[in-house]
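Given as structure tokens, the chain that follows is alone and in the form predicted alone.
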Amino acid sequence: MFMLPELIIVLTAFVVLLLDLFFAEEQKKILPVLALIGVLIAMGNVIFWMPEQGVVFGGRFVFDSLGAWFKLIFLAASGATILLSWDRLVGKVSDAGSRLEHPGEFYSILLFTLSGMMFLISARDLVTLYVSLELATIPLFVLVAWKRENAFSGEAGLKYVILGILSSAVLIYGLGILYALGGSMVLEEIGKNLSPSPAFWLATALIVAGIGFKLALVPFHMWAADVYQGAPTPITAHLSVASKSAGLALMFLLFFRVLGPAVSEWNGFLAILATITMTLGNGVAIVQQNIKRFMAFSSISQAGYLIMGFIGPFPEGMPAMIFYLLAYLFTNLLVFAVIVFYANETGAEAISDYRGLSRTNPLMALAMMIGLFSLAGIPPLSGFVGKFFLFSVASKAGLHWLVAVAAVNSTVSLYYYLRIVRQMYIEPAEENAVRLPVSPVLASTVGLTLLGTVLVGILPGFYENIAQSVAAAEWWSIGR
């Protein structure tokens, strides 16, 4: 059954929510275990069905190997979020860290937003697409504002709701115009019936604006820093990976399944958008003092690299983006795992608070350094290999100046990532600094993400497998 992974996630969400009503406070420690088991079973089902292709509900839901890669990324990011929040419920969080309240609602809402992301990549008509998008987005409004006693969290939730509603309104307006022009709800039919016209370009502009919010592209990035800072740190990690992946999946569906014939005409615009996004993200990250705001602007710059895969009518773009997403998944979650560890134990979020970490927790400092170097694109880590494939797409499109700009931005990013490395390895630790305990769950999370960050970059076969999946899905012929 091709919809079984999604049904498993939805069923797990309801089971977690129902058991929360009957469990005593001590028994609720089993809830993240149940949520994680559901995620792992769904992941196993996706891998089992991955070589197959199937259609459900008359073509409104399609399972293919390309969508399976996105689903694996969504599932892995959500599973990691569960692990990152584990200590706040089960472990011994210091007085500086805040405990997770209402765990049943927290994990069920997280699973519901995961199910929306999984439905999104399989959607093949406008109604299913938009409903899936809202299912993936609306629960995030609640998760961002989860810390009700924290003013920053309330402010972040309010800003995210207002701007999220605005972006959804802009997006659905663009989709409405596409429906009027294409005369159908089916994405492929719309793509076949479209022709360039003023209304077509208006719809495309509205869609780019709506997706730009989901991906935090400049100038639609204004929510990112405040939301990243105010949200619970595990949710910040989820936003930086899973939410961005969902935005990329939405952009893929609309650009390649609907707007396909005109994508090549937008090469210049997309190149400028990528340039502005990566440049502003890197430039503003340099002056940040809060680690979560710092990661927000780092995430913005990474979005600029990601959309380079949409440039040019070349089938290498999609596997390059998925490969970079896979590398970004491990790398970013590795950095956030260390941030969660430090915040749980000290409550500190300033970059200067990480000084001397290599003396008190050398392994965690090493993991953080490797993650930051991968984000900067240092070989042979996965971030470097991912950027190589994306830069190759832009080069093949003849945009060599964009490759040069992206390379300069990668160099600039190394400077501000080294700010954190400097604090950990060069600045002296506090006189009363002691070794901070690392829970087994968090240590395992750091180990797994560290392993992925290194292996994806040095082991051959990942990119080839992704490219074969893309070719098997026959996505490139759609709309052409």
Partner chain sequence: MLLTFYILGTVSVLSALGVLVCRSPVYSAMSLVCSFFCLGGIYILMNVEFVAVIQILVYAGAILVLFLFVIMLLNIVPTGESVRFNLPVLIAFGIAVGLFAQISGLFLGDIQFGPKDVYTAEAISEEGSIGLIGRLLYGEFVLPFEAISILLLVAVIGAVIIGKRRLN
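Positions refer to the first chain, counted from 1. Only a predicted model underlies this, so the values are computations on that prediction, with no experimental measurement involved.
There is another form of the same protein, the form predicted together with the partner chain; it is not shown, and what comes next is about it.
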Among the candidate residues A397, V142, V403, M369, which is the single one with a non-hydrogen atom no more than 4.5 Å from the partner chain in the predicted bound form? V142
Can you pick out, from W266, F112, F384, F256, the residue that has a heavy atom within 4.5 Å of the partner chain in the predicted bound form? F112
What stretch, of 237 to 245, 324 to 332, 178 to 186, 356 to 364, brings heavy atoms to within 4.5 Å of the partner chain in the predicted bound form? 178 to 186
Closest heavy atom of A350 to the partner chain in the predicted bound form, within 4.5 Å or not? no
Could you confirm whether T346 comes within 4.5 Å of the partner chain in the predicted bound form, counting heavy atoms only? no
Mark F389 yes when one of its heavy atoms lies within 4.5 Å of a heavy atom of the partner chain in the predicted bound form, and no otherwise. no
Report whether the minimum heavy atom distance between R419 and the partner chain in the predicted bound form is within 4.5 Å. no
Within 4.5 Å of the partner chain in the predicted bound form, which residues of 117 to 144 have a heavy atom? Give them in sequence order, or say none. F119, D125, V127, T128, V131, E134, L135, I138, P139, V142
